[in-house]
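Listed next as structure tokens is one chain, alone, in the form predicted on its own.
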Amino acid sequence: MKPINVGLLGIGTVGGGTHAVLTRNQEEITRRAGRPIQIVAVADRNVERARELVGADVTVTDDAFSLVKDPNIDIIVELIGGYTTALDLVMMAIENGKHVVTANKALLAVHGNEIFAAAQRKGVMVAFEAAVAGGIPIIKALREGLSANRIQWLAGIINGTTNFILSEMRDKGLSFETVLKEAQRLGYAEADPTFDIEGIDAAHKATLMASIAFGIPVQFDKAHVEGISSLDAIDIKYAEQLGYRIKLLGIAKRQVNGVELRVHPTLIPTKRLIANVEGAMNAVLVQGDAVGATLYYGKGAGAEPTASAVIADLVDVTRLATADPQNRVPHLAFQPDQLSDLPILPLEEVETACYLRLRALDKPGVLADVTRILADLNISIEAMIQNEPAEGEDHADVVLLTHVAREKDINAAIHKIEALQSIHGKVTRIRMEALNG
């Protein structure tokens, strides 16, 4: 049978891994797909390096637009990244009737609605398993494996850089800045780590998962995003004492009046499996009404883990290339005319339990003032740690765990507590999730 011809845009870490795995496992992949899948052309700025990687049988160019216009290419694999040139290339590939496989979570989180609509009009597929959680097949699980379920919520450790940093801070008691430098030295963090440590990368991925889980348009601009750069090692220590671990979670929850979509550091009970995901590994926990809780765990980045997802998409597209477009799996799991208009809820309306740490003057009545403020706002306390002041100091840390309360009430309480003369500095607040199904 005629092979499927692939044009590869970008042959860096993931592109090189894709070529290597496709070449190494060619026979197995062909048996699965029903026909050979072959990379026939590569576009990369570093033409010489690209030629060394792919050999003489593959066309190599620095003109990516020539590939998306080439009538002999069936599928474009976009591994360039970014929002600008990648968008132009993807849209042109779709316009020219080519299927697209991409690992570009940022592009889809920001421009996904536009891209999917164009693909629907042209009758082509846009596959993006590699855009979320590397080699973990979470997109396929949400889109197909759990299609019988009304998905209630999902929570994921979906950024390996931040998980590595948090694991090291907990294990070694080091500061964020110290561990970040080590992560950069080891290659886990970029020279400019902003997208990772400020939660943006995780929010891109959470946005895509939320859209598939709940059948809503992609709405990255509505996500609440917090990173870990202001996290203090002392809070990780106190969390451990209370039976919790702190992870940067991407969370999406279905509520009656809308969808929660948020990324932030989160206390999770240590006994939960996801709390014990360490280092650069990823994990996503999904709660469905029929199946209950399911956990997906594995490598969230790297050349061959991500290539595994890229090639899985190539196999899917190859199998379905000749199918009636109306009978393919929809991009966002639900039929395009059946997407819901459930809004993304503002954070002020979200309800969570919270960890609060404050520096309080060591004198009678201070805690009574704090608990009175909380009680007036219907916030109850679940647990507390009260330390003695260090020698020569008159303030000490007080840590409170609250029961579930509305975000805006917690905000009001923090504002009033910080205004007390007996409280020094800002109150540290970290949200909590039970994740108990």
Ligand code: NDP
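This one's a predicted model, so the numbers in the text were calculated from it and none came from an experiment. Sequential numbering from 1, following the sequence displayed.
Quick note: we don't show the form predicted in complex with the ligand, though the next part is all about it.
Work out which of the listed stretches, 217 to 225, 98 to 106, 165 to 173, 259 to 267, brings a heavy atom within 4.5 angstroms of the ligand in the predicted bound form. Result of the contact check: 98 to 106.
With the ligand left out of view, choose which of L208, L358, A130, A239 has a non-hydrogen atom within 4.5 angstroms of it in the predicted bound form. After the contact test, the surviving option is A130.
Can you work out which of L231, V179, L79, L285 has a heavy atom no more than 4.5 Å from the ligand in the predicted bound form? If I apply the 4.5 Å criterion carefully, the residue I get is L79.
Is there any non-hydrogen atom of A301 lying within 4.5 Å of the ligand in the predicted bound form? Within the cut-off, so yes.
Even though the ligand is not shown here, does A64 get within 4.5 Å of it in the predicted bound form, heavy atoms only? Judged by the heavy-atom cut-off of 4.5 Å, A64 is in contact with the ligand in the predicted bound form.
Even though the ligand is not shown here, does E349 get within 4.5 Å of it in the predicted bound form, heavy atoms only? So E349 does not count as contacting the ligand.
With a cut-off of 4.5 Å between heavy atoms, is T306 one of the residues that contacts the ligand in the predicted bound form? Looking in the predicted bound form, residue contacts with the ligand include T306, since a heavy atom lies within 4.5 Å.
Are there residues in 1 to 25 with a heavy atom within 4.5 Å of the ligand in the predicted bound form, and which are they, in order? Going through 1 to 25 in order - heavy atoms within 4.5 Å of the ligand in the predicted bound form - the hits are G10, I11, G12, T13, V14, G15.
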